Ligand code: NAD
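Taking the form predicted on its own, here's one chain by itself in structure tokens.
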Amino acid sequence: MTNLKAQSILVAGGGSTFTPGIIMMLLDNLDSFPIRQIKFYDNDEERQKIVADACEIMLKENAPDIKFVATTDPEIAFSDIDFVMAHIRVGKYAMREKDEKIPLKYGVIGQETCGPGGIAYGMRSIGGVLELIDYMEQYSPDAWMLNYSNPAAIVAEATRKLRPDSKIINICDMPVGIEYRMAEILGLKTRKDFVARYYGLNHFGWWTDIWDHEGNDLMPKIREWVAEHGYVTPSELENGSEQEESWMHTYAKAKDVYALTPDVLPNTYLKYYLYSQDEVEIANPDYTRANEVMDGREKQVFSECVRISKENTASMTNLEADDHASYIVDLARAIAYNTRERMLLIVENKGAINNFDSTAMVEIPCIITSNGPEPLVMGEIPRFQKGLMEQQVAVEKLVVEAWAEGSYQKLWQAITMSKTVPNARVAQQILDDLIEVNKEYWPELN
């Protein structure tokens, strides 16, 4: 794999807690994805500097030839770039906390990407991602944006509708994370030891088939396991888990989600739509997932970055390359070198699911070429999944229309239509509270 053209990468969201893990993952893959330059871009200079100083030390110690730049200047950031890896969070965790806590006041699940919280976050994210696309097209028109900024479903619909010709690919690591669990359940080394078929929307889908490379059907074994344990792995059952309690509940709850459609395997996020009252019941309205992250990963990552900078070495770091994030390298490599990797991406349906809205942004397997994704045909889907997906696609489309038109009415309709919300009155109460706290982030609604 020598003689590959070295790439220039921009990480948009340089101050993210996920950025050090992505740098470590890129360093782990330099043999198959060589890099000549890494840039960080963020609109929060102070936050980015903490992460960038530590990452610069990592690069000097492991790959001193890679040029490194951290900037808040779009022209410096986006010039001479092959790939933009975008993971921005408009409003940061402080706004995520509001997304989660406001719906809970009304007995509605507060979640980062699902229901009213996801809609609020989507209304903040659309403008931020469109701005990144515009900078990329201005300064590096041949570059590709690999976007894993949440909520990916709403962002994907916004880019389809408002930047239809942009070179952006929307991707999510949640199916990847679940597939790692499936591999462990099956006793395989990695998720790359099997081939999967999956259809749905982002955070809203189902696996229909899983085979090994010899063509053996692996679904019966996983279905038997999930029916009893959800996606809790054998080692977690035996030895416990270092995962946060909220995640372990999510993996275990997959058992109940699976029971409703036992012929397919569900994405864990479906629990928020199919068992929303259960989720409200166990939620702590004073201490949500955002608080967990701020008190956990955020503190841990930032204090470790400060320590690395102080000691001027990353040799003893407890930061880890994010295994799940390796799919980002797979995607960039496939585009850069035409490897025809098969991956789950969020793409315009255009008949891939032939009994579903052709303009819906669906999550399905694609073959990746240097021209971008070639979606694989999934055929017809069952009435139950189709009905759920149509309702959820309508929510996503209404949110994007509300953002583009500044329409209060459409955003009220979007929240009312979410399966997590009981009625239009509650939807309006939640909306009015969300408008109040999002004034500096949302377009004005009339």
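Throughout, we count residues from 1 along the sequence that is shown. In this text the structure is predicted, and so the values were computed from the model without any measurement.
Quick note: we don't show the form predicted in complex with the ligand, though the next part is all about it.
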query	finding
In the predicted bound form, the one of 232, 88, 270, 154 near the ligand [non-hydrogen atom within 4.5 angstroms]	88
The single option of 102, 172, 84, 328 touching the ligand in the predicted bound form, heavy atom within 4.5 Å	172
The ligand contact at residue 43 in the predicted bound form, heavy atom, 4.5 Å	yes
4.5 Å heavy atom contact, residue 258 to the ligand in the predicted bound form	no
Any non-hydrogen atom of residue 373 within 4.5 angstroms of the ligand in the predicted bound form	no
Close approach of residue 112 to the ligand in the predicted bound form, 4.5 Å, heavy atom	yes
Non-hydrogen atom within 4.5 angstroms of the ligand in the predicted bound form for each of 17, 148 and 297	yes
Per-stretch contact check against the ligand in the predicted bound form, the hit in 206-214, 334-342, 164-172, 136-144 (non-hydrogen atom, 4.5 angstroms)	164-172
Those residues of 104-129 which, in the predicted bound form, come within 4.5 Å of the ligand by heavy atom	112, 121, 128
